[in-house]
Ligand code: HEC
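First, one chain by itself: the form predicted alone, in structure tokens.
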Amino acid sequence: MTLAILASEWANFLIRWVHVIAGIAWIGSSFYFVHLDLSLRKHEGLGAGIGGEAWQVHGGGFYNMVKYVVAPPHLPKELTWFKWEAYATWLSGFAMFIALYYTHAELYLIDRTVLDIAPATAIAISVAGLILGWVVYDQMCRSPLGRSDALLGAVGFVLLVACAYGFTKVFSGRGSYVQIGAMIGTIMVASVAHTIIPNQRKIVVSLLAGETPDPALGAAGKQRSVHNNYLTLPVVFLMISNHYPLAFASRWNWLIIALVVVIGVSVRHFYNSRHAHKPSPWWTWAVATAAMLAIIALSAQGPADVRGAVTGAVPAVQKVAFSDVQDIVISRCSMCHAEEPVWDGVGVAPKGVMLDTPARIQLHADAIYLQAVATHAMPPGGNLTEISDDDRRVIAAWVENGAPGP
């Protein structure tokens, strides 16, 4: 393994680590502050301009949290800003997007059975989608539509589902899921960078000038923050979705995205309602459960590429020789899934799965079935290595017979 490949792998590892750490910090602060805001209570004795207070206990100490409706009369010397968690999450996430989906677009972003486009075209469409998603969302929030949270949420959901459907007709299932996740993540971070933080800065400037800050600035920031809170769980799923081919490689992958959003929003609504001391909306768990069952049912309908799909009972095929299975796997899979991959740009076998010996092929029989038969997620790039439908049936019959070795 060359020094360049080693350097690439360590860079990939560090970027992922930073992304996870930053994401945990951002999600944690987002969840905490929405919880805090919802739990505040107003009562007699609070000073002028105070919207409410909350008492909390943690780590052996008590905390008295107070929120001002607009801003305190005087700005304290030390003020903590929450922004770098969001920025670091997006920057590291986009770096991963470039390293995997843009650098290896033919493998991960493009599916030629969906749309045969050049890598440069796919990347241009992806970047345009990230930018356009933010612009449309931002204008919706600033328009009269933004005055109604319910109507804004409904229209936003419809547009998001439309984008999911559209991207699954342009990119691979894997690529479309990460694209939607990146688009939502971009919207969330752009809200922090272009609305929440700038509005907070304007409030600080007004205070320093001895002026009364505009309440609309805080209201707009809160609206975007609440949106981020509700979108967090769907984004987390979408950004790790490449591990779940039953979702992204299914025939109804775009509809599964919609149901994932419903589940995430339902779960957050339950906890946000409880934090606000409102009656617990237990119905949200029924909605989330129904949506999850629907996802399972939809994934069982077969792969997005229905040609030669092996669904339901395995076709009547005589017991196959392991040597036949080995020939298929070695010729169609081991150029990447080997101790020393030969596919250009792949330095280490994806997920550490190596299929270059009989023992390794037998060890990963379930994964081979899931990726190559049940979902057609592999080979990537719209079947780059051109595994045939008959080959998939041979693998299916082998697994059905217990995946015997040589």
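Numbers follow the displayed sequence, beginning with 1. Please read these numbers as outputs of a predicted model, since none were measured by experiment.
Another form, the form predicted together with heme C, is not on view; read the next lines as being about it.
Undergrad: Name the residue from 249, 333, 188, 265 that puts a heavy atom within 4.5 Å of heme C in the predicted bound form.
TA: Residue within 4.5 Å of the partner: 333.
Undergrad: Closest heavy atom of residue 385 to heme C in the predicted bound form, within 4.5 Å or not?
TA: Yes, residue 385 sits close enough to heme C in the predicted bound form that at least one of its heavy atoms falls within 4.5 Å.
Undergrad: Quick one: does residue 242 come within 4.5 Å of heme C in the predicted bound form, counting heavy atoms only?
TA: Heavy-atom contact with heme C at 4.5 Å: present for residue 242.
Undergrad: Answer with yes or no whether residue 367 is in contact with heme C in the predicted bound form, where contact means some heavy atom within 4.5 Å.
TA: Contact with heme C, yes.
Undergrad: According to a 4.5 angstroms non-hydrogen atom cut-off, is residue 325 in contact with heme C in the predicted bound form?
TA: Taking the distances in the predicted bound form, the answer for residue 325 is no, it never comes within 4.5 Å of heme C.
Undergrad: Thinking of heme C in the predicted bound form, which stretch from 347-355, 46-54, 59-67, 33-41 has heavy atoms inside 4.5 Å of it?
TA: Partner-contacting stretch among the options: 347-355.
Undergrad: For the heavy atom contacts within 4.5 Å of heme C in the predicted bound form, list the residues of 153-175 involved, in sequence order.
TA: Read in sequence order, the lone residue that approaches heme C (within 4.5 Å, in the predicted bound form) is 174.
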